[in-house]
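The chain below stands alone and is given in structure tokens; this is the form predicted on its own.
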């Protein structure tokens, strides 16, 4: 039986039954769980903390992006790559077993319906002081001006397992009838997973692999450099390794494109208490004697940030 208890206003603790556990490619797994109350609260881009053992090893839960959720069915799916003891143990759990999870945690991607909803949804309150130049390259849009979703080209940019939190967002844009593009990079073809999910949603999927085993030879940034965006303003949603995020953020900045990034940092609690996941974000106060940056918690202030908020060299 599903058991939940409140942790804070947005998250619940659940004993989630495993409905399916599938190895998509060597080391890459998709786990489907029954967690009705949690599934009803999910937003694209959020994550859950997964406790893979009732014992002391591993002691800490693992933060894993929400790959999909269905509030009516009461299910959510997690896509993960086996990278250590915790995810290794998770991969050996079978249908019928259960595990303790809590969430949904963190913020999420900016959603299509929020683009026309007011300034705070377009540029966050902590956006840097030169935000007048933030949008649209030569077409400067004030921060208090709404942007019509019809004028946006959603661009999903994924590196490896960074594809995990993007399908719910792609579904939201699909429901609007938007033409969207996924730029997906990995070291080799055996690390490309769930691309068919995006194709089924009508997303234009373009792949780059470093060894040339699938798609264009090279990194995902090569796909981005050659992109024709037409007369629309790209809005990039990016998740993957930090060097990739930094490179994509720089390209977006050079082009004057909107760009959000989902940061992946080591974290313990996921609730903003332990401070193990802090990163530096800009404040724009250096001109008035400030240091120009502050610490933000990826687990509660993120994991999604505007790319120009992040201090990439900090």
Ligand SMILES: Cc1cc2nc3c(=O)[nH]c(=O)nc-3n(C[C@H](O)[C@H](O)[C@H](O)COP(=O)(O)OP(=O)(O)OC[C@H]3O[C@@H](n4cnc5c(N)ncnc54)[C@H](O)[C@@H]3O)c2cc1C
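Worth saying up front: this structure is predicted, and the values here are computed from it rather than measured. Numbering follows the first chain given and starts at 1.
From this point on, the text means the form predicted in complex with the named molecule, which you will not see here.
Among residues of the shown chain, residue 112 is not one whose heavy atoms approach the named molecule to within 4.5 Å in the model of the complex. The named molecule is not shown here, but in the model of the complex it comes within 4.5 Å of a heavy atom of residue 266. Proximity of residue 84 to the named molecule in the model of the complex falls within the 4.5 Å heavy atom cutoff. In the model of the complex, the named molecule sits beyond 4.5 Å of every heavy atom of residue 39.
Here the chain stands by itself, but in the model of the complex one stretch of 60-68, 242-250, 30-38, 279-287, 60-68, has heavy atoms within 4.5 Å of the named molecule. Only one of 161, 172, 149, 208 lies close to the named molecule in the model of the complex, with a heavy atom inside 4.5 Å, and it is 161.
Though the named molecule is absent from this view, in the model of the complex it lies within 4.5 Å of a heavy atom of just one residue from 183, 101, 236, 79, which is 79. In the model of the complex, no residue of 23-46 lies within 4.5 Å of the named molecule by any heavy atom.
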